[in-house]
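Below you will find one chain, with nothing else, as structure tokens; this is the form predicted on its own, and questions on how it binds or moves follow later.
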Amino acid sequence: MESCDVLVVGAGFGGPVAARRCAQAGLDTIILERARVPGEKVVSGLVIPFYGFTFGPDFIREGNPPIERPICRVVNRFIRDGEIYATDSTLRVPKPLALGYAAYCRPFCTWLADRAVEAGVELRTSTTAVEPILEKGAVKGVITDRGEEIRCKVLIDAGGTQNRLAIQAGLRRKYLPEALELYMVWDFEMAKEDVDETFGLSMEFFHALPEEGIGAPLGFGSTLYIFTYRESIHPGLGQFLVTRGEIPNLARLLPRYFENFQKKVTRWKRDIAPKVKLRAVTWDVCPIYAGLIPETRNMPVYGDGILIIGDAAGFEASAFGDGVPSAWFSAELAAEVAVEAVRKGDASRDTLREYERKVWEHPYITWIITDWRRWDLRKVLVSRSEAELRRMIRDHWGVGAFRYRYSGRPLLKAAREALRRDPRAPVKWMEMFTRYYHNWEENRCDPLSTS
């Protein structure tokens, strides 16, 4: 049996951030990661919104993570009879600013884990925490799949959607099927010059009424999207595990939707298909809308000896399907509370409750798990109105997204708090945007120590 101050379970996007901060505070910190390489178990790629970088951990903002492509514009294409009848590309910013950055999960998570190891964290890969060590209801550590007992003063659960430690500890329940989306990603190789010519620095969404058959019914899944990377693209599509009380056959539905898209939509047939080669098809489960479902939102994110962050806590972004920023934000908050608890010698529920207060005061976490816009798209199922569809998409993935009642309010709150802490924050943000853009142009990032 061994022991440490803080034990972090999971080396995805949030775990290394929490562990690094604990180690920097002088705490003996260990990360357990079930995969052979950090990020290996995460679906191949994603787009991380800009606010995660601007208001997230300093070392990410000031570093050179492995970014595939800055995204400066979102293009929404509306499909009828296979043809694009309208386009909304109002959501855009001039370079070097970016709305987000496309990245592959494996190198990015490895880069984060490297930064944690540099700070003194011990990273153990190919190691799964199979059950918590409980004493009088308090979490005191874990037992691994190798039979090891690792005791700790505070456990930070960063194990993602399917982690069971908090369930076994009696704190949380399994996500309801209604909160889970299974999505499929087609990974296509595409020459960089072709990605540049076809998409530029854009990502695209394709919207249609359900009868078009190119995407999951609105409100019950994702609209079809194409994320763009340096030398590849990822069309992706999701479907909820349960719709209207029925359990859909996802293995049949999602490939059929995408096959219809490939056959019907001229944009794909003429501009994209001749330039791509299918490399892989991947699946993953996402807790979309978890924050909107009271059964999930009301589950605790802390207990005696344990703090829960990121997807494990249901902090997935309900509107955008991206939980990276909230994983970073909650990781930093959890680490602050863990450090204080270890210093006080008190990791009781009463002490760790401070984490919950910080979470619900955070301008972005609160907003991204309670944003109803994507949920409300199901209203189009009733109205069957193309005009209503275009209006709602403009408010979601168009310029309307920046309205004060949507992303404008948390953006202003977070900016005001950042300026209060550091008046030079805007200078640092511009340095980050400029450096990231040049990194993209020159294909530059910090070397990875483990890969």
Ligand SMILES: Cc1cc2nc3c(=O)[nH]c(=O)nc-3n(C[C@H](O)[C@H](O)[C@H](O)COP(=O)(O)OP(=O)(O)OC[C@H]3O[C@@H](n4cnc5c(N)ncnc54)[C@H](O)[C@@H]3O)c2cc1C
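Sequential numbering from 1, following the sequence displayed. Just so we're clear, the structure is a prediction, and the values are computed from it rather than from any experiment.
The form predicted together with the named molecule is left out here; the points below concern that form.
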Query raised in the report: Thinking of 12, 49 and 163 as the candidate spot, does the named molecule come within 4.5 Å of a heavy atom on all of them in the model of the complex?
Result: yes
**Report entry** Options 114-122, 250-258, 341-349, 278-286; stretch whose heavy atom lies within 4.5 Å of the named molecule in the model of the complex
**Finding:** 278-286
Query raised in the report: Pick from 306, 290, 152, 129: which residue has any heavy atom within 4.5 angstroms of the named molecule in the model of the complex?
Result: 129
Query raised in the report: What is the one choice in 138, 185, 171, 75 with a heavy atom within 4.5 Å of the named molecule in the model of the complex?
Result: 185
Query raised in the report: residue 215: heavy atom within 4.5 Å of the named molecule in the model of the complex?
Result: no
Query raised in the report: Does at least one non-hydrogen atom of residue 227 fall within 4.5 angstroms of the named molecule in the model of the complex?
Result: yes
Requested in this report: Would you please decide whether residue 392 lies within 4.5 angstroms of the named molecule in the model of the complex, comparing each non-hydrogen atom pair?
Outcome: no
Report task. Check whether residue 396 has any heavy atom within 4.5 Å of a heavy atom of the named molecule in the model of the complex, and answer yes or no. Result -> no
Query raised in the report: Looking at the named molecule in the model of the complex, which residues in 324-341 have at least one heavy atom within 4.5 Å of it?
Result: 324, 325, 327
